[in-house]
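A single chain comes next, written as structure tokens; it is the form predicted on its own.
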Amino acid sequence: MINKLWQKNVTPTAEIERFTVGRDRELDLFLAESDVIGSMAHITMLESIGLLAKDELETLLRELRSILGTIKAGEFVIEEGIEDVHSQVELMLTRRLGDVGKKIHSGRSRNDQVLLDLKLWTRRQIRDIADLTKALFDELQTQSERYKDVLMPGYTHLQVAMPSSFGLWFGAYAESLADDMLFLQAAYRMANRNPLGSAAGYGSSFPLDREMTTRLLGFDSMNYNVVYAQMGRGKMERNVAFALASIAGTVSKLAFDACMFNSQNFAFVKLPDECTTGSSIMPHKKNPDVFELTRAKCNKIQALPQQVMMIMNNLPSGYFRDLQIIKEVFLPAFGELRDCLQMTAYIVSRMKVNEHILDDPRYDLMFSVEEVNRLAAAGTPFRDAYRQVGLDIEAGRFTPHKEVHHTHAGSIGNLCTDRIRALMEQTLADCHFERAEQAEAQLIG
């Protein structure tokens, strides 16, 4: 029989318990640390409004710090028969402290408790994703500068088009991540608002000091309207999922390029040997499995916003058990993206480029635009220059001049690396991750 905070006289059947509890006991382990930290802020506020005595607060804080140590040591478990992390923490307190442990839930519901847990946990995960995104960004910029003078073909419609460079290729993905970071910043700001005190979605008759818990937990502000606080469940996860999907989209495209450019038919780049796998039948094979799995995982993450939306779609205001299922797709997504970012940064830092691609005459025609522009710069009308070069190509008379002189902002000769870095660093600075970290550290003591 599962122990429930809401249990009265009616006992659900085992099948009903299995179905309604679902994976909560497994997934709530993600939220255990946040649950304890949120409870520490809540009871500190309860003491300030006279619902706990000072000695009771000190006793509860001491025990919660002990439980937090158990969690950080990896020793915390949700026992068999316990419904969720909230029940487990309250049970541990009650076992150790008796009736004092039962006072911890005054003025809150499991609804605002899990909302708070999710927000505290999510903002910490966003910080980790931001750091790993920045690490990949740095590797891309390093490679962009290292190979900025090495030309490669640029493609449109998968046809050889115009000269590009490895500086442009690596740098393009760096700037894409700088844009992705804007989504992550917005997601963090929406997650970093305090729902505690909204209770079941309609507030409490206790004189709760929501400003105090907001300050103690380092939130930027609170979700002021208690009904909206509950409506925000699912919405927060959806918005964060869009930010994760944006990063995943960049990494997936990079993985696709790398797999293609690593193939023998392109041979533009060489992936590190330790990041490839072999064949059980073909002894020559070096398969880009890491990037193929990265591509698949990132494509899966790009579906996350739609999964969240379909779970929460068409729900009216108020809490519904449907929202529990969001945890099943949302919580694990951070770990998957974290792995993809780490693997991609590792490979990018060790990727070697082919500096002699243009020795192959199949790429000669990509310099046709350079020749058109050279003639136009010398006074030939552009359309006449275009026609002249086109006729030379058709007649087999075209001879490429393989020097390029692009100097405008963002081009082969002017990558604007410093400006792109400034965009990324400003976005990161505007997140102010340190505020939440400092508040939590002070609360824990």
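Note that residue numbering follows the sequence shown and begins at 1. All of these numbers come straight from a predicted model, not from anything done at the bench.
What follows is about the form predicted in complex with a small molecule, which we do not show.
Shown alone, this chain has one stretch from 68-76, 147-155, 110-118, 336-344 that lies within 4.5 Å of the small molecule in the predicted complex by heavy atoms: 110-118.
Under a 4.5 angstroms non-hydrogen atom cutoff, the small molecule in the predicted complex lacks Lys134 among its neighbouring residues. At a distance threshold of 4.5 angstroms between non-hydrogen atoms, Arg233 is in contact with the small molecule in the predicted complex. Using a 4.5 angstroms limit between non-hydrogen atoms, Arg321 touches the small molecule in the predicted complex.
When the small molecule is considered in the predicted complex, Arg295 lies well away from it, no heavy atom lying within 4.5 Å. Proximity to the small molecule in the predicted complex, defined as a heavy atom within 4.5 Å, holds among Arg238, Lys103, Arg210, Lys327 only for Lys327.
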